[in-house]
Structure formats: structure tokens, C-alpha cells
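Have a look below at one chain only, the form predicted on its own, in C-alpha cells format.
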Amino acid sequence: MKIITIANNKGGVGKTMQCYQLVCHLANQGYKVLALDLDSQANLSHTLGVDVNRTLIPEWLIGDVNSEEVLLKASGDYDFYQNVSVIASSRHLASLSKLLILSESEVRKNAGRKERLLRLRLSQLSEKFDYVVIDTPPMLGDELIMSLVASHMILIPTQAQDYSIDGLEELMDTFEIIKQSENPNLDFAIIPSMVNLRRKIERVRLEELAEQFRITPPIRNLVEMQESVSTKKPIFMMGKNSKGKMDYGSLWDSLNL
């Protein structure tokens, strides 16, 4: 089972869009996919046709409920949705940090450290799924740290603009700490997201990113991307002349997915 986290400590960079497209792409290839929504905004859960009044993710992490109580089936108009399960989020996920503090002794007994809780819980699902795709909140909190400890790869959507690139520093520092202390096999790639290749400044920023980091082919800022999410129709189902379909095809090829 391969675990992939989509993360950025800045919002509005296309993070949930990338999660949705990746989940659908993998499911369409015939893989069993778990979409784990750790963002209390629950946008990924809603897009995959799952709504819960109160998420049980905090209770699942500390061991008060088992996986069968949090696993739900995705809902959509296409056959590949049968391959997708969801652990859904809700606004109540915002209480996770408080619950972890209150359950500190139980957490230490089960996982040693709270950062390892998610890795422990996902290891119990390794026979059920081929891939886990994790959406994280736009902040460096417990959800993101646990995801980095549990994952094989982190994909970082980033706009080719100054303030977005500057914000990478804190996330990459965290990545290096986790890699050295908890997860030596953790890999990453930066996805230039919502890019306007007609703007010279963005082309320059892409070149600067490529000099510092491993970057993937860019995803352009296209209207059809938002249409894909709003209609719950993944980009690979767009017409053969779809620019978005071409962009994502190049992205998945570059990641060997």
C-alpha cells in the first residue's frame, strides 16, 4: 500500500483539486483507493459524495473506534467510484489537537508518540487498499505532521508566484525534520499549480523552482479544472482536446502513477 499526501501550509493552491484528480485517476486504473480527508473544510469528502455531521477521525486515531466505523464508500456517476473508499472529515476535526492532549497517556501506550498514530492506523488497512491519498489542512499542524510520518511521498501544489514560493521554506524544513527523525524514505515533488504560462514572471519563477527542487510538469489555471470538481467529472474524462487532461496526463506520467 502506497501512501501519498497532498500538502501545502498555504491555502488556495489547488490542493484538494489535486487530491480529487489523483484519487479518480488511480481508481480508474483499477486500484483500490482510500481517500483520507484531514482538512476540516471537508471539501474532498463532499466532492467524493460523502457528508458526515461529525467525523470520527480523532476517535479512530486514538483507538476508540475501529476502521469499519470510519470507512465509507464514495458516491458518483462513474464505475470507478466503486474502487474508492473515504474517511470523511467535518468541522469537528478541528478538535483533534485538544483530544490528543487529553488522551496523551493512551497515545503513548499505543504509538509511542502522537506523530506516529496515523501510520499505525493505516498499517492496519494495508490489506484493503493499494493507495491512500491524504488531503491535509493549509497549516503545519498535527494532521500534516502525522501525514508526513505515515507517507511514502508528499506532493506539494505551489503557485509560481513569489509569496507561494517563499512559503515553501517552512514546509520543506518540516519535511527534512520528519525525514531525518521518523521517515527516512519520505520523498517529495512540487507540482506547479494554477500556472499561467503566458506570464513571463511565472515562467521565470518556474525556472527558479526547478533549480532548487524536483518539480513536475505544471498544471495550468484553466476553467475546466473548476468545472471538473463542481460537476464531479474527473479531468481524464474530458474531451481529447482538453488542455487539463493533457496536463494531468503529463503529471501522472512524471510520477509513474
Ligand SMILES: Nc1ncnc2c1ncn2[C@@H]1O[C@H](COP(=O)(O)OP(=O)(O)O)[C@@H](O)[C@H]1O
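Residue numbers here begin at 1 and follow the sequence given. Model, not experiment: these values are computed from the prediction.
Unshown form predicted together with this ligand; subsequent notes refer to it.
Stretch-level contact check against this ligand in the predicted bound form with heavy atoms at 4.5 Å: of 22-30, 56-64, 203-211, 222-230, the positive one is 222-230. In the predicted bound form, at least one heavy atom of residue 17 sits within 4.5 Å of a heavy atom of this ligand. The shortest heavy atom separation between residue 194 and this ligand in the predicted bound form is within 4.5 Å. In the predicted bound form, this ligand stays beyond 4.5 Å of every heavy atom belonging to residue 235.
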